[in-house]
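A lone chain, given as structure tokens: the form predicted alone.
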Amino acid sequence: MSEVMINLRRSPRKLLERDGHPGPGPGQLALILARAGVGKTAFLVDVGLDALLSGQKVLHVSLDSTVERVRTWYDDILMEMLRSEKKLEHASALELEIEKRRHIHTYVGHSFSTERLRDAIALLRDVMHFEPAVILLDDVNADTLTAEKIESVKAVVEEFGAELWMACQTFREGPQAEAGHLPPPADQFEDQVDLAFQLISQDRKVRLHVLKDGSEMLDEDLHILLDPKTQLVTVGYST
């Protein structure tokens, strides 16, 4: 079974590493920026599945979706992934392995705070012996994001030795990105961001750009597409 898990080709992290932008690493933040409906959650789930299928443990934290809704994202994208790989016969076994390695935590109806996040991760570690290597933070209200909050969340993630991937919504209306900066609202905490990517809808395709890597501000098309139908990443080049 482990051979099946590591041989799946639909790997966003491998594609990013190919282009010189590997995962952020423990205690660091990779930010996914996009307008509403473009594919932020799908991309986070792709990253989560990538980590799970490579044997890592994943904590998916959603601030606005139920556990059932998040699990459906994983189930649907996994099936598309296995269908594309012609490995549907492994679905049941992989679903079982994923359930063992993944924990979904939601804050629907409850306020989110750094302290509550830390308590949740500590509980998973101390009671369930579950120590995530990758933490995904989804459905964050952009209006509540500040440099201080991002710094405190990163400190918690670093304390537990995990890397953090977070989705952040951008807006068509209002202030736009200034040269050399991330688009609002991420410009308010860009110094806390170690890697930043943007999903851009263009000609019925969703393209992935890298905007920041370390201290370097960029705007490069990575020739990676997010298929709007299957929600899978693939390689694509501009014509």
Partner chain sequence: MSHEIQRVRNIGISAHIDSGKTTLTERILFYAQKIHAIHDVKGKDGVGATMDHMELERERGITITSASTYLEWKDYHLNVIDTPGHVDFTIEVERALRVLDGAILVLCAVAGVQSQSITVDRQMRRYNVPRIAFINKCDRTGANPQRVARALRDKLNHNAVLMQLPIGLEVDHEGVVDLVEMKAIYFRGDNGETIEEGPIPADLQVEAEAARATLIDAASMFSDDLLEAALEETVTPELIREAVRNGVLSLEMTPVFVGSAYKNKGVQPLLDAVNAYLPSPLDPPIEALDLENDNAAVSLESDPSKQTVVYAFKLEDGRYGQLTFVRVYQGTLAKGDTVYRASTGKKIKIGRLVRIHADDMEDIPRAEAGDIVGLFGIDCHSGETFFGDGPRLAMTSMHVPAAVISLSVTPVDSKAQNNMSKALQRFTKEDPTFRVRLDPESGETIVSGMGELHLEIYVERMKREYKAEVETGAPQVAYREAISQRGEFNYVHKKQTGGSGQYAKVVGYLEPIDEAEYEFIDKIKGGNIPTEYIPACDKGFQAAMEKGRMIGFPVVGIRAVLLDGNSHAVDSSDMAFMVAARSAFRQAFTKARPRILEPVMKVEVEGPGEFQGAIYRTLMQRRGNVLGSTEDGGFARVEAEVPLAEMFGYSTDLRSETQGKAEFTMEFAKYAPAPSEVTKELREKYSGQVAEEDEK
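Note that the structure is a prediction, hence the values are computed from the model and not measured. Numbering follows the first chain given and starts at 1.
There is also a form predicted together with the partner chain; it is not shown, and the following applies to it.
Residue contact check for E99: one or more of its heavy atoms lie within 4.5 Å of the partner chain in the predicted complex. Residue contact with the partner chain in the predicted complex: N141 places no heavy atom within 4.5 Å of it. Proximity of H103 to the partner chain in the predicted complex: non-hydrogen atoms within 4.5 Å are present. Although the partner is absent here, R116 is a contact residue: one of its heavy atoms lies within 4.5 angstroms of the partner chain in the predicted complex. Between the partner chain and the residues D203, D191, E68, E178, the one pair within 4.5 Å by heavy atoms in the predicted complex involves E68. Checking L124, A133, M79, L145 for any heavy atom within 4.5 Å of the partner chain in the predicted complex turns up a single hit: L124.
Of the candidate stretches 91-99, 133-141, 160-168, 147-155, only 91-99 has residues with heavy atoms within 4.5 Å of the partner chain in the predicted complex.
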